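Two forms of the same protein chain are encoded below as structure tokens; each is given separately, as structure 1 and structure 2.
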Structure 1
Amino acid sequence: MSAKVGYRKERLDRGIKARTDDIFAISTYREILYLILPRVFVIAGLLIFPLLGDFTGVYWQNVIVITCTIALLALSWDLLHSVGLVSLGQAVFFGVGAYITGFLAQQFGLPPLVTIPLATVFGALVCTMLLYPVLRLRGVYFGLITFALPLLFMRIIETTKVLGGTEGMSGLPALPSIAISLYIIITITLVCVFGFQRLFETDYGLVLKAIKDNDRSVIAAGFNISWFKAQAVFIAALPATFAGAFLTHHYQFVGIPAFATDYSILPLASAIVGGPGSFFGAMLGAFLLVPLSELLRDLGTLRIVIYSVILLIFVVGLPEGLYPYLRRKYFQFERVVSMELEEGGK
């Protein structure tokens, strides 16, 4: 019986893993560099982008504004998901933020510097209070109410003609310039990504994460989980209401489209495609899907079909999402090693 020689791929993890999956013992400069390089790349890339206005053109600058908006909504979705709440209507946060800003700007003539922070915080409060009653319940209820709320708001505004009715409110004060807009929204997006990620590394974040795993044991540890979920909803609502408020001034307009399905489906798809639970995944998803959607603009509503199908494929087939996969690949060497094979082996 002769032994054959075969080859197989061997995978090694970079960095020396210490005890848990998330703590690395780092020894060399190169390894530190290896760890922080992707972050530096992303941050630097996003901060330099607005300076390249002449080169990229206003169109793509606008695309990045929208991408960041969707990224913020996706981050918000991801935070809710981390506590075990599935939102089918991120548009409700977006719309509430947008309408409060519009109202403040039109009625009281306040500048964006005032309306945006006010609408962000106040809008998040309003949304939390609207959603609080269903937080007691497990299961599909949160999904149902977030699905229904944007539609309800839309209908109410349509029928009562309040807040501009179907016409909406236009001619709202603009932000100073596209470059400043870009800087604001990019900074906020980065702060949210890294902030949320940090938050979930704290003991407080651990409690939030534990609620999704097993809410009963969190209660048995002495936590009022409705109150914790309410806090999570409030924190999650902040980036979303900000996105609504910001885009209102960006477009100088707010109307019923603020509650449109796009603002629900796109963030949902982004977070799922990127990989729920890591926040970076949600951002990655948005930066893939939104520019893609701009490229597919001519397809009209077929785009929504495409998103839905992508969403389905990922939810059912690749629930882990892209980010964890890429991350794993990045942190692994692959090398081919020879090995002896038994007769009849592969």
Structure 2
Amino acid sequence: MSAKVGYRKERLDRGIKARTDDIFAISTYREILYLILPRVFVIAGLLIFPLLGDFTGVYWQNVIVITCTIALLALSWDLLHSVGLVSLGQAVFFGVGAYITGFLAQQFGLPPLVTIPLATVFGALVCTMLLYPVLRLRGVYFGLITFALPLLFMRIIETTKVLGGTEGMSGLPALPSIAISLYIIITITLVCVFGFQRLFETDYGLVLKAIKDNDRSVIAAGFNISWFKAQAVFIAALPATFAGAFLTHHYQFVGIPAFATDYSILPLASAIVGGPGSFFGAMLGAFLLVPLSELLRDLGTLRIVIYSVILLIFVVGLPEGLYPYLRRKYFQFERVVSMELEEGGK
């Protein structure tokens, strides 16, 4: 029977990459550079940026501060998602951290060096205690609780006039300078992204991931998943409460906007665009969406339409996210190979 020749695309790992996600066959310095160059490029770029104040201007330096803030919230969301907890209200972590540091600074006159660490840890504990009773909920039910909490706190503060009421607390101690602020939040962002990535490569991280994949098997293995989920909430809350505490001193103000939905929507969108389940993806998504948001500020509410289109494109056209796609393209290549087809297309 005669045959005809067809063609197909074949995807191959580069020689340096083995058939797993985290194992590489390194034999030369060139291959080592091939692995570390992307990380070095990102880290060096972020650390050099604060030195370019005369070129970038204060405005774009403040944009990077906001970008790192959203990146920390996106990392927090991604860690919760990795344990099977889908949060729709990252603003609750941000707002709790912001109000605690504002209260400590206004009532006790404590400096940022003291209030930010205290608000970060104590705020994470408060958020963990708030969410502990609902950790048994799954899917959208847990998400609805987290979505309602920021709205609840906003109404309580507005009605009772506590913590400054609708006027908030202003005149709080400022951070030394914009350059120092940038270095602090950039360093914390890098520590969180690499730290979370490393955490999920340990045995402890494997248990957390297993809770999402098959919680019944984890229970059968003798683990208390409620306790592990509570630990995950505490760890995930740390970067988010730090972001709220840090931004409070950066702006020297905290008020009801600390619970705004922007602090819930942008982190979620960043994680989806960058790639859920990949902490580097959450950071990448934030560094794409937040500067884009500033560039589109003149369009007003039309920005929401553009956000929706971007999310639709990524959810439908690139569901794995931008970072996993770029990572795969970096470590693999495609080639066209011939294949014989029997007559009739068999």
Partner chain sequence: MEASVLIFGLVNSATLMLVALGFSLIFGLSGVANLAHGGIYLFSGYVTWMLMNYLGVPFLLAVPLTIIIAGVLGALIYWVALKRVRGLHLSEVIATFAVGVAILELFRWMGFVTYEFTLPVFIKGSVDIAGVSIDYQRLLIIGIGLLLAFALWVFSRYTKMGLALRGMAQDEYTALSIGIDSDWAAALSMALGSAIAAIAAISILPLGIISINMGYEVLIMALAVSVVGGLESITGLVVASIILGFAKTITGTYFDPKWMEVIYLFALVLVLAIKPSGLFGKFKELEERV
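In this text, the rigid core denotes the largest set of C-alpha atoms whose superposition between the two forms falls within 1.5 Å. Keep in mind the model is a prediction, meaning the values are calculated, not measured. Counting starts at 1 with the first residue of structure 1 and goes up one by one along its sequence.
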Just checking, which of these two is the form predicted together with its partner chain?
1
If I superpose the two forms on their rigid core, does the C-alpha of residue 139 end up displaced by 2 Å or more between the two structures?
yes
Residue shift check between the two structures, rigid core fit, residue 302 Cα at least 2 Å:
yes
